[in-house]
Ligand SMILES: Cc1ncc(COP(=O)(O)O)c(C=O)c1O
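Quick setup: one chain, the form predicted on its own, written in structure tokens, and binding and motion questions come after.
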């Protein structure tokens, strides 16, 4: 027993020395990376050079950014260096402001309208349970919800007796808007729909939907898990009351980071139910009775307590990384890849059942499809064997295959995937 303990102790000391040596040798650049490509570089050469900014394995074709976006080296370095500094100097907190300012630039919002969260689901729960709803009030959702937008509202229905109405999506933006209109009744209090559903990647006409909600005196919430980092965003133009987003998908920020936008005009409508340091304007345990003086008049009203400040710094670096590329350029690139994929699939076989709309304004950077008389879950397995990562969508029995294209992808990778689809159809 003593021999095992001594052996473990020697391993611990040896590994500690090696780790300390690694830090002392290269702590200024823990993850070596090539320089960013020059903006004068054109065409595929630019995107090929940009691919080197990611640690993503060259032996893998990653077509599932809609689940998780691999971070570039610059984000990883930023988080690593700050975490090292925290544990070297015993620093507490920090970097909250730079993350908020970066996200406000991304969304075209005010700094005070941004709440830092750990994920989209947290922002949805804050919104769902903070709204002044009572038993019998109706909330419009869709039949394409991710578990993160479905279960908070279903939970509130279970707890408080609100009524959930699930609507289908149309094949065009106009059809979807008309479906929303027809679902509204005098009891409708909230429209809570995804900007881009996780299932088929369709861009919903959220600006028109939020305008409709505003006209009818209905609260508007947008599940924005996918658009940040994919599309150019302007929450003021969208006109929503609340927008919950993600930093670790298309924005390619640190994992476990997100945000909630709450319009300043809506802040005093959305009740904060969890309390902690920073959410208040003061509290007094020595008064009789003890009191909470009030809520702070910014996004910190909805989050509290100790946070991982290094992740905040990583959020800011992720936004900066995309700003250096250009948001217009990113949106054009990812949509171009997705359009190519969709067109090639439709030409590949008449057995392809395309679920993602071909209408330009409804098409983003995700393509979902089925194959007649085939189980596409088996196609996903086939792709996995070839180191091609995809996403099988089982939600709401949709049972399709979803492909996400981002800036580290290229047309050759899409062609490789198409070859696997062709093999699968002919097998």
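Residue numbers count along the first chain shown, from 1. Everything quoted here is computed from the prediction, not taken from an experiment.
The protein also exists as the form predicted in complex with the ligand; that form is not presented, and the subsequent description refers to it.
*Asks:* Taking the shortest heavy atom distance, is residue 255 within 4.5 Å of the ligand in the predicted complex?
*Replies:* Outside the cut-off, so no.
*Asks:* Would you classify residue 66 as touching the ligand in the predicted complex, given a 4.5 Å non-hydrogen atom cut-off?
*Replies:* Within the cut-off, so yes.
*Asks:* For residue 188, is any heavy atom within 4.5 Å of the ligand in the predicted complex, or not?
*Replies:* Residue 188: no, not in contact with the ligand in the predicted complex.
*Asks:* Is residue 146 near the ligand? Define near as a heavy atom within 4.5 Å, in the predicted complex.
*Replies:* Yes, residue 146 lies within 4.5 Å of the ligand in the predicted complex.
*Asks:* Using a 4.5 Å heavy atom cut-off, which residue among 238, 203, 246, 180 comes into contact with the ligand in the predicted complex?
*Replies:* Contact residue from the list: 246.
*Asks:* Please identify the residue among 210, 131, 338, 225 with any heavy atom within 4.5 Å of the ligand in the predicted complex.
*Replies:* Going through each option in turn, the one that passes is 225.
*Asks:* Report the stretch among 92-100, 225-233, 280-288, 302-310 that approaches the ligand in the predicted complex to within 4.5 Å, counting heavy atoms only.
*Replies:* Stretch 225-233 is the one.
*Asks:* What residues in 105-120 sit within 4.5 Å of the ligand in the predicted complex, counting heavy atoms only?
*Replies:* If the 4.5 Å heavy-atom criterion is applied to the ligand in the predicted complex, 105-120 yields 119, 120.
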